[in-house]
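Form predicted on its own, single chain, as structure tokens, below.
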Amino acid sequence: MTSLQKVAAETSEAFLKSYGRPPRWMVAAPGRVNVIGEHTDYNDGFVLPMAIEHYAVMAADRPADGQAVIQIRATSGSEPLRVDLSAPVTPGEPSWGNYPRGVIAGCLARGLNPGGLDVLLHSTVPIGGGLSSSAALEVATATLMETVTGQTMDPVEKALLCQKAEHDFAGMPCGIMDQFISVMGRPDHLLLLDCRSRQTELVPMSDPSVSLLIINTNVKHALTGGGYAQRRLQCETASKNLDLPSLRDATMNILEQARGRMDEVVFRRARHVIGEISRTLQAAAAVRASDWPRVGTLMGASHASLRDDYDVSCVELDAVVDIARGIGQAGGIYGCRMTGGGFGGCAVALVKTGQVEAVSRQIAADYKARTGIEATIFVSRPAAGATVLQA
């Protein structure tokens, strides 16, 4: 039984317990890990994420009372969400409900009106680890709306609807990567996404000898003084200094020539982004060629740049990457880097499949010894995007 079938069976059973009858519809959408391409999305660059084998699953049936209300209960025990379809859908409490609320509002505006539903949400995507539990929830909601109404959206339109929900209802100005990979992920493929043109390309990663290990540091440092917004602004300042629409259009040469005209911090931010866009394209080519040592080298360079030029790493992430470097290729690790926005969350390592268990044990022990914190470690192969499990 695949991990998705297992989660589907658990969700079906939980729905029966919660509502006293089996579900009629069931859908799933995955979380994601970004293999390389960090802080490039809002600079019109490239990203290379993959869907992970952790999902938000939604099971649903018509309500017994026939009311035009969507009720969403969660197996996590969060406060249930009620959306009255006879009134305008607006943000409110519980705050987690703003992700599905925004998607429901977007679907209604497009003429996808599902009518009343009893829904149960069961998510295995870790929350707060930077693996995009919010996008998984949004995409699962949109997929359920499609399944119930029998109307399907264009995948790009669906991803953008989910992104808009996060902006307008949850107040999070996220890029497009998370929703795109949750909608469009395919088993045994990474997704190369051009954040400017929104064009996507599936990059095969079917070699079973490698897997991705995701190491959750279990720390989350606040983005002090709006660190994310500050970096976006620094990147915009750099592109203005270079007289270019965005850092996507810059080269290292152009940047070096303009060094004297810009603040040193702004220069370093731009150097990371320009380098990272190039590394992402090189990594996609290396994955296509199954050149795992090359992919690992690029991942290591990405981490160093995020740590030194972009200043978004932290002691715990650096510890994981340092431990992984110490284990090295001989011990089963090709490369490791922080993934996600930074300041905590997860690192991702490219690992020889046969050595996953030994590597996981060593990282866990060494990380605990260095930091006093228990890491959460799991392995994933590239997984399926949004899936209809029962219709």
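Just so it is clear, the model here is predicted, and its values are computed rather than measured. All residue numbers refer to positions in the sequence shown, first residue = 1.
Not on display, but discussed next: the form predicted in complex with adenosine-5'-diphosphate (ADP).
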Item to complete: Could you spot which one of Asn218, Ser313, Gln163, Ser123 gets a heavy atom to within 4.5 Å of adenosine-5'-diphosphate (ADP) in the model of the complex?
Response: Ser123
Worksheet item: Though adenosine-5'-diphosphate (ADP) is not shown, can you say which of Gly111, Pro208, Gly128, Gly150 has a heavy atom within 4.5 Å of it in the model of the complex?
Response: Gly128
Discussion item. Given that adenosine-5'-diphosphate (ADP) is not shown alongside this chain, does Ser305 nevertheless sit within 4.5 Å of it in the model of the complex, heavy atom to heavy atom?
Written reply: no
Discussion item. I'd like to know if Leu212 sits close to adenosine-5'-diphosphate (ADP) in the model of the complex, meaning any non-hydrogen atom pair within 4.5 angstroms.
Written reply: no
Discussion item. Even though the partner isn't displayed, in the model of the complex is Phe180 close enough to adenosine-5'-diphosphate (ADP), meaning a heavy atom within 4.5 Å?
Written reply: no
Worksheet entry | Contact label in the model of the complex: Thr251 to adenosine-5'-diphosphate (ADP), heavy atom within 4.5 Å | no
Fill in: Interface stretch in the model of the complex with adenosine-5'-diphosphate (ADP) - options 236 to 244, 94 to 102, 290 to 298, 140 to 148, non-hydrogen atom within 4.5 Å
94 to 102
Item to complete: Within 4.5 Å of adenosine-5'-diphosphate (ADP) in the model of the complex, which residues of 61 to 81 have a heavy atom? Give them in sequence order, or say none.
Response: Ala74, Ser76, Ser78
